[in-house]
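A lone chain, given as structure tokens: the form predicted on its own.
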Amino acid sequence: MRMHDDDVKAGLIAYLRKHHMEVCRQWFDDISFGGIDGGVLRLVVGEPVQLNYLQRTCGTQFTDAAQAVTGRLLAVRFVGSSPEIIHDPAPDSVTADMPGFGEQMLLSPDYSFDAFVVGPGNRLAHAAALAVAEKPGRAYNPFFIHGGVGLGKTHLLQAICQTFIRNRPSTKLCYISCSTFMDLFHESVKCGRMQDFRLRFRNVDVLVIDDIHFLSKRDHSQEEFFHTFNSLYQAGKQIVLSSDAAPEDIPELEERLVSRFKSGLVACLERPCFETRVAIVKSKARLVGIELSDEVPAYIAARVDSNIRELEGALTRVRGHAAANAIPITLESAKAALYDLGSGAPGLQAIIVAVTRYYDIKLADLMSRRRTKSIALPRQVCMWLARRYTRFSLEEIGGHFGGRDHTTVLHAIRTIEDRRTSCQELGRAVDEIERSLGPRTHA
């Protein structure tokens, strides 16, 4: 018996919510069924950012759902709703044969202006980001956002990018991480392709770079970025940068770059207040299509006061606990899911604050690529404490500390574990930091 189109779509969504809850989003309801032809089930997506996101991250899950719902060996293909939506955009012809070029950072539909919760600690940054998206090169140029881990820097950068794609589709936009910029720079030097590199980054209308604090002084990447910045700025092109620290606090950043970063608008993102945290939890819940009574977001916001990322993690735990036990999300189920948050176990932000305070170092130094003992040891202590007291994986911990891989984190953990008993000075330092995190933590 042939299933009706609406039944296929409804079945797909229901299956995904039951078996692949982590990928489900409320906007999946806007996806249209495009028919089945030659063993391929086509799903039509109207928004370019949503289309690209689904193509790159959700193919496996949707294919599993399609086969389960129809009982047929099908493959899922996401397609655009109009010719203007390009399915698989090719990189610029001038750089198509260079590794990494054309590979911009993936934009998440979650990170739109509509989904950004405005509060006292981010109002200026949000207003400025909106202005930049509406009047590139004229409102605030450069636009520099800084703040701690998980406070919304990447969200605002991606919201700006998505607005350009939606309202100004002809805009030449480049959105990458600072680490990727440097990797491509090194590869271009090695291959003798600096002309292509410069054409790639100086021939854009908007340049958006995440984590600019990773610029390294010793490998000439600062010199190259300085000239790229000047070229774009003099041409009236928009530059948007994010960092964990203010320009003047970025370690080893040349004074001429500090001056240029501060020549536009510098906006700081602060930790959200209670009311903002409640609104954030509600927004994240709506995004994944779940309804919460008012007492649940309030409870989560009261238990997690560090950053947005950890609020989202708490909501995921609450949601997962309810799904695993086949019960609705209530205040009681939320308390059961987050029972250990009140046990004295600190969050990652609390650990970072305690370590930087003890060693009297800057957050930007801790997140930098510097390997001097005065920075490397506190960083290793942070990683050891994060692994001991949080639920983050090695990869997630490494991501918090400048994108380091899991082997670096594992080495740090083993180093501290081995030395804290053999080195009295380190042992005392770790003990004192643990005590500052709370009596139950040190017990």
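Residue numbers here begin at 1 and follow the sequence given. Remember, it's a predicted structure, so these values are computed and weren't measured experimentally.
Beyond what is shown, the protein has a form predicted together with a small molecule; the following relates to that form.
By the criterion of a heavy atom within 4.5 Å, R309 is counted among the residues contacting the small molecule in the model of the complex. The shortest heavy atom separation between N122 and the small molecule in the model of the complex is within 4.5 Å. Contact between H155 and the small molecule in the model of the complex is found at the 4.5 Å heavy atom cutoff. The closest heavy atom approach of K284 to the small molecule in the model of the complex falls within 4.5 Å.
Only one of I280, I352, L315, V240 comes within 4.5 Å of the small molecule in the model of the complex through a heavy atom, and that residue is I280. Between the options L363, V117, V76, L173, the residue in contact with the small molecule in the model of the complex by a heavy atom within 4.5 angstroms is V117. Note that among 253-261, 141-149, 229-237, 291-299, the stretch whose heavy atoms approach the small molecule to within 4.5 Å in the model of the complex is 141-149.
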